[in-house]
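As structure tokens, the next two blocks hold two forms of the same chain, structure 1 and structure 2.
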Structure 1
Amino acid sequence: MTQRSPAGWIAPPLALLLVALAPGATLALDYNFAGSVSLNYRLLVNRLSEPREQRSVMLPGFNINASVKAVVDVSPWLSATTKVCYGCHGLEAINMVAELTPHPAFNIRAGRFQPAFGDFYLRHDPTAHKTPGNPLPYDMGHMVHGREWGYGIVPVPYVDNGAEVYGTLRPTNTVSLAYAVHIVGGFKSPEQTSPNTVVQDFALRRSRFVTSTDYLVDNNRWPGIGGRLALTFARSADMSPAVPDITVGGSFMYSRYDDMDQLGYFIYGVDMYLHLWRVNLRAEVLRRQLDIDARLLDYPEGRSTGLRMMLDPVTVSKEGFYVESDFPLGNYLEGVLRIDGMRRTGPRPARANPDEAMLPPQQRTYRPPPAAALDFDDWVMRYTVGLNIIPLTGAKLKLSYEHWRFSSLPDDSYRRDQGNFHDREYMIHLALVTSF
């Protein structure tokens, strides 16, 4: 039976309590209804003659990401928000939260929401970020070889059940220090029902591909904790436009993700934002340390795959970064430039069961997970040039060209044949985004 963490139990009654205690809670003052539709199209131009290979390394063609959001301002100090999204994972609630905002320095929200982490989470909606897809450290489904990589470091939007306290301290009119501290259910992995369902990098699986129970409720007693601190200098109206707005922030998350409360993860990162004249410059660096249970690589009989010694110590590290700049080009165009990348070091799933080496292929039962195609020290880089066309208010056509580079391992035939890795990939990514 699935266990619920303290955060999972606390969130619903806390949300109700917030509603009950709020001044004027019986009278709704205002409503706001908004939404967006984003139609994406991806194509690897270097694999035009290999339609099935495209599908094996990414999700080509069309996919849609649509959302609707309703906000009810119950009083000046209390609001409730519901946001429902339809995308690759089907229909899901990515926001269902009550928010109490009594003072700029102290606010509480409880329910289902995105915990504050890094700079990108606020811009997760396709209408908000400038490129068709997320930066690599925050990727969720747009990257080439995403299955092997387990997608980003914090796939965004990362939505969880829990509560968050946040606020902003303003020592001067131009300097502010924002904080956020959250307690949520935390990332989770599927139950280890079989040693062949190796959970490697993939604590962050949030989709209902697992089971609805695993997706919607917590899987262990450990709540996830985390926080964010951001120092901002914001140019005031009487200052020269040559003075930039600058934010420097740091974030972390920590919890355990398996149903035995044994395997931990620690994610941390720093971010920077600079706005000068009409140019936005953003940069983030993230790192995730993830415990891996070496027993998962054993077989029911207790035999090792033979790679176990190689797999110690059982920690995987994944680091990522992005540097991105966007700027207007007249009234109807925007330009975007981005460099991002990730590096993964540590154990990987076994590529074969040595005990089955003597068996003919059709009799072998071991199915290596996609991550087996990675190297023990692997990296990916991407260079993006984008142009956005804004024909009218509420509509945007995003065009981008992405040059992908993967670590070159010419002697690794498994990676080439089973993983279908090329050293370079070239992607065209389009997105038609509308907001209402």
Structure 2
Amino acid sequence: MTQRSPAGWIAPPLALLLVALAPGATLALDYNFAGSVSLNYRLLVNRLSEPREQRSVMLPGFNINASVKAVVDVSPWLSATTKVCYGCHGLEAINMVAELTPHPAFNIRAGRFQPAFGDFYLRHDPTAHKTPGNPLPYDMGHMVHGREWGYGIVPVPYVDNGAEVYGTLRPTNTVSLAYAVHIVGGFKSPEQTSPNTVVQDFALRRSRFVTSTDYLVDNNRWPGIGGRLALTFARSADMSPAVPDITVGGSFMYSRYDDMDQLGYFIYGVDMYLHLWRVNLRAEVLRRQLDIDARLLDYPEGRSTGLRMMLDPVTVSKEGFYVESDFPLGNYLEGVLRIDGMRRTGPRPARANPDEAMLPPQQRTYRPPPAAALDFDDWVMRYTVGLNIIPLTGAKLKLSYEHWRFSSLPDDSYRRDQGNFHDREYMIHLALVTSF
């Protein structure tokens, strides 16, 4: 039986309480309707003669990202928001939330929303960030070899059910401190239907609005907790133009993610934003420590484990970063430069089950997951040069060229043949973005 977490019990009554306490709750004072559509096109130019191989390592060709958002102000300090998006992750309800905003220093939201983490989650909509795709630590489906890597460290949009308290303190006119603390269901593992189910990563589809049958409840007794702090210095009008606006932030998330409450995760990161003249510079560093089932693993020293016994969990880590700058090139053009990357260290999913070594090949049931193609210490880097064309208000054409580099393992035939890895990939990425 699936158990409901404390966040699952608290959020619906809290939302109802907020509506009940609102004066004139049945009369909407104002509403807002907005949305965006982004048509993407991706192509690996080094695999033009290999269409089947392109599809095996990424999602090439045309795909769409679209969102629609409606906000209703029930009272001067109570609002309700609904936002639905569609993209590489399928259909997702990003917001179904009631927000109580009595004071800038103290606000509450309850329902389904994006928990505060890092800087990029605020800009995940294609109309709000400058590149056609997300930075690698936040990638959801545009990554080369995304299946092997399990996509980003915190795939955005990450949406969950629960409640969050947030606000901004302003000790001076130029300094502010923003905070957010949330309690949500947390990431989920694959459903553990039998004792032989091996859990070694998040099951993102299980947490989504449409692709999961239990998205309304937690899969274990542990809620996810997390938060973010961001200190901002904003240049005042009487300061020199050479003084920049600066924001420095830190975030974390912690919970258990498997059905049996045995495997935990801890994700943390720091971010920085600098604005000087008309140039923006952003940087983030993230790290995820993930406990995984120690069965069916390969280790660097050549040892492999099977399914014969449940072992103590082991921890693998995934780190990522990006540094990005955008700047105007006249009234209708923007330039974008970005460097981003990820690294994974620790044992990997087994390429063969040693318990089946004595069976004929046709009788073996174990099928290695895509992550088995990774190394015990693996990395990927990407270098992006972009140009954005702004022909009219509300429309933008994003053009980018991406140079991908993967760690070279020339003696790894499994990685080359089963994973179809090349040391380098070259991608053209286009996106036409409109907002309304």
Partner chain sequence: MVLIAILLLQVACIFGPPNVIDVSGYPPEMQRRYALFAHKCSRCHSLDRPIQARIGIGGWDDYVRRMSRHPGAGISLADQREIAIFLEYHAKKELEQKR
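Along the sequence of structure 1, residues get numbers from 1 upward. Whichever C-alpha set is largest while still superposing within 1.5 Å between the two forms counts as the rigid core. Model, not experiment: these values are computed from the prediction.
- Structure 2, not structure 1, represents the form predicted alone.
- Remark: with the core as the superposition reference, the CA shift of Glu334 between the two structures stays below 2 Å.
- Fitting the two forms on the rigid core leaves the C-alpha of Asp355 displaced by at least 2 angstroms between the two structures.
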